[in-house]
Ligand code: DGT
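The chain below stands alone, shown as structure tokens; this is the form predicted on its own.
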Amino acid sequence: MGNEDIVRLFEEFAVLLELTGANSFRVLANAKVARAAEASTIDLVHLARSDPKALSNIDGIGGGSAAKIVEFVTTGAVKELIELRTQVPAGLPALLGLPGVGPKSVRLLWQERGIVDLASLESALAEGRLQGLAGFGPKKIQNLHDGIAFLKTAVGRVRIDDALVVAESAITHLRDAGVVDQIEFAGSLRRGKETIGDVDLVAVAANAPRAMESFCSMPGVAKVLVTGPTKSSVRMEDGIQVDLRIVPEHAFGAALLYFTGSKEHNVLLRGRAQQRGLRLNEYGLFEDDGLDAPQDRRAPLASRTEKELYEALGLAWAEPELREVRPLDEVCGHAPLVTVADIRAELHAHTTESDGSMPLLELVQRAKDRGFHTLAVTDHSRSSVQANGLSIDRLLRQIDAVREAEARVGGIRVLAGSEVDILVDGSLDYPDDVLAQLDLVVASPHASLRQAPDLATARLVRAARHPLVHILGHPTGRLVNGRPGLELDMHAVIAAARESGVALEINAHPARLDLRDLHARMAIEAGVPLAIDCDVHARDGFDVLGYGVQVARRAGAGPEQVINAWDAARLHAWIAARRGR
């Protein structure tokens, strides 16, 4: 049990309360607890057991919510939620996944037409039983038909790399067509989240109808979901939904800020505006004169750029990756975050000796061409049979080959390393006398990724305490949208890393992104250094670096916290210190 279980608990509370018609304050309060638990670097389960009164000291968690957390941690359930579940048909929450359908509509369908799940909604539509239902005119009924078809083909949340390809393709198409003057992607993609629900584009266009026509007819569009003068939505052939909003040039910054989010960050900004007698929305920042006229008809105090909006609110700029559930004073004016340009070394890379596609010399040359001062060659160890892991003899021969490659290419330091398997008991795949001959050891879990949490935690803690390990590679072994990986007590793993001076890896491959952002933030707060590695296997393997950097930025990492953003002298001094030489 961990924070993620508490997140799911309160998310379910919020949904069920909405469907039963509870007042909005209760719904929002539970949603707020879910977001607070999601953003917390504190082990709330441990806190509930050791110091339950301290739970209510956490911003967003009140006394009643703290009591529910304690009940959940103690008994594995919450009586109030069990009772709430009996009031709502099990299939009803799924209807909230229909585009444009909110809790009020779902509740009306349930109470007035007896619709309890997707199948009963389809039957009601086929039989014409929604006709005459208040608020369900022909257009909304057709939207329900389309929404059901969409749900059946939608792909859910997609990996950030897949969403970015779609976003960049759409932006390139619209720019090449000459129909937009400004355009940026927004939403969770701009905030760098690991998975994306849909792609949001914000644009300025002198001829909005022409821009919308070009957008709806661009290559790869499977269906136009809705089109209008200021917003159109399409579903691509791969199932990803893309929304385009056309805004006035003077309101571009306000719209980009609003549609980037997050919802919680926008709420904080609006609250600050209200405290100053102002009103903030997607059109800009206005004097709050109490009139009902649309805000975009008044002269805004600020609207053209995000920077001027923050300044008008007395705030410094907030990087998009930080705009989550964090107080404004933590994210506005934050110390500079790490950038792709800061990364000067790759400490996790594979060659054709194991499962990479580049021979050693090509790998070294490509790293040098990127301007890196250091490359660690870390082919798999012997237990990774499926990855052609190196036997001890092959590893020793590779050490010699690495030395020769460094001399032959020149201008880059090449380290002889290994990605050594962490075995099920936490021991390493090579004996210590072999590990001692390597310049760098990345210890990673690859097998038995469904271990019980206590065993998995003990396994990683033991590896972190090994005196010859430099970096824990992709510590949970998860795959985004694939497998959950090891369920670890990350606080214990981070504590072990801190005690032994080991760095934790953010694996930049978009299939991994492991550490995830919250765990990376926990490491930073504990003073544990990070390594952002591409886990290079293919010729384009270095190109995924930006995804790992975004994870680090979401965690609040600057160059100081990332060892491969350090200069060569500092990095190599740190590596040598781990060996006491």
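Heads up: residue numbers just count along the shown sequence, starting at 1. Computed from a predicted model, the values in this text were never measured in an experiment.
Omitted from view is the form predicted in complex with the named molecule, to which the following refers.
The named molecule in the predicted complex comes within 4.5 Å of a heavy atom belonging to residue 263. Among heavy atoms of residue 444, none comes within 4.5 Å of the named molecule in the predicted complex. Contact check for residue 187: a non-hydrogen atom falls within 4.5 Å of the named molecule in the predicted complex.
The named molecule in the predicted complex comes within 4.5 Å of a heavy atom belonging to residue 258.
Every residue of the trio 191, 196 and 200 has some heavy atom no more than 4.5 Å from the named molecule in the predicted complex.
The single contact residue among 298, 413, 498, 270, judged by any heavy atom lying within 4.5 Å of the named molecule in the predicted complex, is 270.
For the options 113, 157, 366, 491, the one in contact with the named molecule in the predicted complex, meaning a heavy atom within 4.5 Å, is 157.
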